[in-house]
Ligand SMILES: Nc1ncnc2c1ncn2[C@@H]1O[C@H](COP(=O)(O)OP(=O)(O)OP(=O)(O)O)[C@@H](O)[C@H]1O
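The chain below stands alone and is given in structure tokens; this is the form predicted alone.
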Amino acid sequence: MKEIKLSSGKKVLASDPFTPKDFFLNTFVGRQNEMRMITAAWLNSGNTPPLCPLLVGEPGVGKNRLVYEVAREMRLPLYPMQGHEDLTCDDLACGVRFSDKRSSAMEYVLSPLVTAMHEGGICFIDEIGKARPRALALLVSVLDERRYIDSTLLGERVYAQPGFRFIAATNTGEVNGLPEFIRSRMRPLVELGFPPKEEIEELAGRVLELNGQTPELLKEFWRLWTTANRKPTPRDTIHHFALASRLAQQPVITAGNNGHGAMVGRSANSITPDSLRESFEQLFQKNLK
């Protein structure tokens, strides 16, 4: 955490931004319409502040991944927060911790939200529908034209820099649980459905570099999901092929330099239809029975 100075002169610690690994960012597929809607909502306008999109979709369809890609495209630091039932106003604004310095006993620590406001980055609250209205009430002045937040702990008001952007996500079944004072300020509502078959197949090919095995494996992949009577999400697809690749590998114990054994295997291209079936049974079939 780095130390920054607020406009009042008070020194505080800022939350660290989140940067996804490069290999993860290389696997983004589709969602061009959704990206276009988010970036349009965030364009600068002389008369109105940037809008605050709300992403809505089933678990695993790629809401978080979409936010990571938008942040990368816009080259803005990303400050994610996790929504949950125990989220408090202090969690959204500022907390305290024991100081590592001898000169002070306690230190102020800005939340990812307030850090994004101060630094001009993106704040992303995932699972916002799980947070209680009492905590979310603190966001009202952040999401409208005021663009500031009041912290009782800090004893001051923090205004958002021009580059600050806000976005949140919630599962489809929880969107109606959001209080109206939040829903009315979060526009546009961007719905993420299940990706089309072509995008799922492209994702599988990119993640695992299936190469010449692709037609046979994808045929078996879709046959298995037909038996489940539902469509796979991007998360389902990655987990399905990832476990299948590990099941197909023939582990060999080799002696390392330190004398301890190390487990190695063949490449992910060793996936077989049998390992796909075993992976599906273990990850999904048991949960569907």
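Fair warning: this is a prediction, and the values are worked out from it, not measured in the lab. All residue numbers are counted from 1 along the displayed sequence.
There is also a form predicted in complex with the named molecule; it is not shown, and the following applies to it.
Although the partner is absent from this view, P234 contacts the named molecule in the model of the complex, with a non-hydrogen atom inside 4.5 angstroms.
Taking non-hydrogen atoms only, K63 approaches the named molecule to within 4.5 angstroms in the model of the complex. Contact between I238 and the named molecule in the model of the complex is found at the 4.5 Å heavy atom cutoff. In the model of the complex, T39 stays away from the named molecule, with no heavy atom inside 4.5 Å. Using a 4.5 angstroms heavy atom cutoff to the named molecule in the model of the complex, none of E107, R157 and Q161 count as contacting.
With the partner omitted from this view, the residue of L92, L217, L143, L203 that lies near the named molecule in the model of the complex is L203 [heavy atom within 4.5 Å]. Comment: the named molecule is not present in this chain, but in the model of the complex one of M35, L243, A228, V29 has a heavy atom within 4.5 Å of it, namely V29. Heavy atoms closer than or equal to 4.5 Å to the named molecule in the model of the complex belong, across 70 to 87, to no residue whatsoever.
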